[in-house]
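Each of two forms of one protein chain follows alone as structure tokens, named structure 1 and structure 2.
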Structure 1
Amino acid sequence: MTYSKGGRCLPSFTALATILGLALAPLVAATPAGAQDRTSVKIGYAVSKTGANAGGAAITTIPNYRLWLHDVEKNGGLELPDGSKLPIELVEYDDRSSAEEVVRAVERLAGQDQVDFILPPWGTGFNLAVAPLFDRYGYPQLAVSSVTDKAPQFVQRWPRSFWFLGGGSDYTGALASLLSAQVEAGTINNKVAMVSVADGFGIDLVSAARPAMAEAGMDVVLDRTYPVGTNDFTTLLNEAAASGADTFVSFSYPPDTFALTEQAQVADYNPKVLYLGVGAGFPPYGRKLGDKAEGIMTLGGIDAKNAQNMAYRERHKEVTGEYPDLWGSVITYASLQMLQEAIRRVGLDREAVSAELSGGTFQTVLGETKLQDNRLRDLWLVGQWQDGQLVGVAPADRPGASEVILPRQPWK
């Protein structure tokens, strides 16, 4: 495998809107040269190696890209329909957690580097930022680390886009239903304190949570939004504690999730339901908290009895040195398996690959995997830390679901 690393992308412009408004370079052909004319398949990506998004990308996205590249290389390369195999030539850029940079990098990958396929960046906002470019240049977009209720509209607008993590209403609807059942059981009151990060993920989740909570009979007594980069949550936690809510919900990014957890312990804030955002399923989170993580809830989870998933987790640890997260990692790897199999079936024609991804059925680390209208719909929507694992507790009727355990016990 060969690598080409970009230390910096092209100079950034003053605003994302300015970049998206510029005339793009001439489009590269949707059909790459035939296998007989080449010695490799060129694949590129831009992802946050530095900056505010680096923590999430370093857990969920980059290790799975490396694991997949390792597995492809070990297998002798990407297999084509005629049985021949080609090694991957990798082109990678650091988007520096800048929306402007990720747009410029993807434009460079398509227009200058002319890679055969582009892997997606990390984060909801960044996937939305680059979606028009993927579509205009004719690349399938495997938007894994992106939660959005607008995926059906996006598929209509960008038919080569694929959305793997569901929408805010999926997660918040499942959470609201779970909380309502606990109210009926007398475990908690119906009051909810809710905070959210003012970015694509937080906005999507909280916008869906408000009507979902109301429909489930939950009373949102605190609803606060905080800016990206906030690191002091003392005031928000004090307000939540004073609200009388048994449930605290944060739609937060990894740095915020870690900070909220630490500061809740300092304040001895002990809601009966503690639901946190991205990062609560990261291995360092569970490792750092130990048994203090018991009962904490978040998005995602796994079926710890699923042999395919557990085998993937061990291989991830062996190759990358760390276990994967307990939400998006396995889905990220599964999406790459789908891309690899689509190439094996139809070759390097991006239109044909997109069509195969849309309509095909694949065997992945998730088991049999098939998209519905370019979306993955078989998802764990609520997870809870139980005995050192973040297990899926909703949908409760999904095979492998664990029973939720509430109320959460106070910090030890």
Structure 2
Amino acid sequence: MTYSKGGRCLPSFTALATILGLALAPLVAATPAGAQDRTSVKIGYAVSKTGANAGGAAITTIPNYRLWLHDVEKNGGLELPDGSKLPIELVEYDDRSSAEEVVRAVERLAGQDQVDFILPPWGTGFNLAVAPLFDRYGYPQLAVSSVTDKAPQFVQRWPRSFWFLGGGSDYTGALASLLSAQVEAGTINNKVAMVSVADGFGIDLVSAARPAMAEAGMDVVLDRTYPVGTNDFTTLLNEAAASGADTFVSFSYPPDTFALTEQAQVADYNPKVLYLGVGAGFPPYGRKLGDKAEGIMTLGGIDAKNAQNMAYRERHKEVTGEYPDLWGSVITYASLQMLQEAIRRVGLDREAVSAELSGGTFQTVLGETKLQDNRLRDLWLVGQWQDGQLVGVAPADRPGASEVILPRQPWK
């Protein structure tokens, strides 16, 4: 047999060429369909259905995309300026909580599927990962689930990006001034115990909170960071209790928020102000705690007197089986309504839609909504559980704000 030295190279090479050929053939073959006589509007998104981000996406993002698609369908489709309605053709991908996947999925949506609009992924990091692509291909990016103080710079860099959830200093500034007002009123002392999760969100907020607290005359007596995935907070809570602070602040993720709540009850730890991070605004949180939730504060909140928002909440429950969370969900839905309305006003031209989103005024489930410099600034920055609702208490001068009730009553 002459098949000997180096012989393995060749057959494998043939195999390699075949595989690559097969792999690339569909890419080359696929050409975009004609856009003239369209029968639908193509909308695509990539979102984390599996992996580490799935929990967050399943709360704020996916249900609202579903609800919106449902609502549009019920409405007979997306309305265009000439009054005609087109159904939505949906393209969805799972980014598997991987940055490389989300980038490629957006490239696919833009380059391969040639969708008309792309809805953003979940999370600050992933929204930033895809922002250059949205910009390059001219898609407006309705970045909702990302909290960042750098939004103004991002708008400069990517003029078609829109940032809806504010930045860390918005939330911590509002919290700090709320606290200092309470100190002046003599309700609490000026000491604060602060813990944060060692991940993007926690660090962003705690870095913003340090100067904000100092400026408001608050004294941070405990400032600790714990790793993602921590579920035992006994030590931290003991330290916080021993610190003598009347205010406990945690910039935490949902599992940590739940664990902190449970373990604070066990330790019978009763700070006069209990402010917890993401998760304290989830409806099951309030349901599970019942009366014990009273007085707990967190980011977000709603105006319970806003009838549109309350109707949205019921519809969300009806379509997805659960009430929306009380921070990002309603804003996600509102951003989609803005997109829908902008398309109704100016059609499917992405440039025009971006301009309309940027300058127009919209009626959404939030009420009258208008962006300032591509950012949504009318936000509930601090919410408090009162009578089974997480109501917005800061900014106090925003219409619909509720009065903050402090001190919080001890656990029963």
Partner chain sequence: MTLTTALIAGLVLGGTYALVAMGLTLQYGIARIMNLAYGDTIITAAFAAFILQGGLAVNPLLGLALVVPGGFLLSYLIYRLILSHLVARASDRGALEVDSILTTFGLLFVIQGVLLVLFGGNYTSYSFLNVAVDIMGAKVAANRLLALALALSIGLTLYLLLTRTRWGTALRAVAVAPQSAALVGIDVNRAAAFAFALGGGLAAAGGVVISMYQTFTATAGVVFTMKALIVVIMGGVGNLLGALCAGLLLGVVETLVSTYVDPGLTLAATYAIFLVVLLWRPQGLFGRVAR
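Please note that residue numbering is based on structure 1, beginning with 1 at the start of its sequence. Everything numeric in this text was worked out from a predicted model, so none of it was measured. Basically, rigid core = biggest C-alpha set you can superpose within 1.5 Å across the two forms.
As for origin, structure 1 is the form predicted alone and structure 2 is not. Once you line up the core between structures 1 and 2, the Cα of Gln337 stays within less than 2 Å of where it was. A movement of the C-alpha atom of Ser97 reaching 2 angstroms or beyond is seen between structures 1 and 2 when the two forms are aligned on their rigid core.
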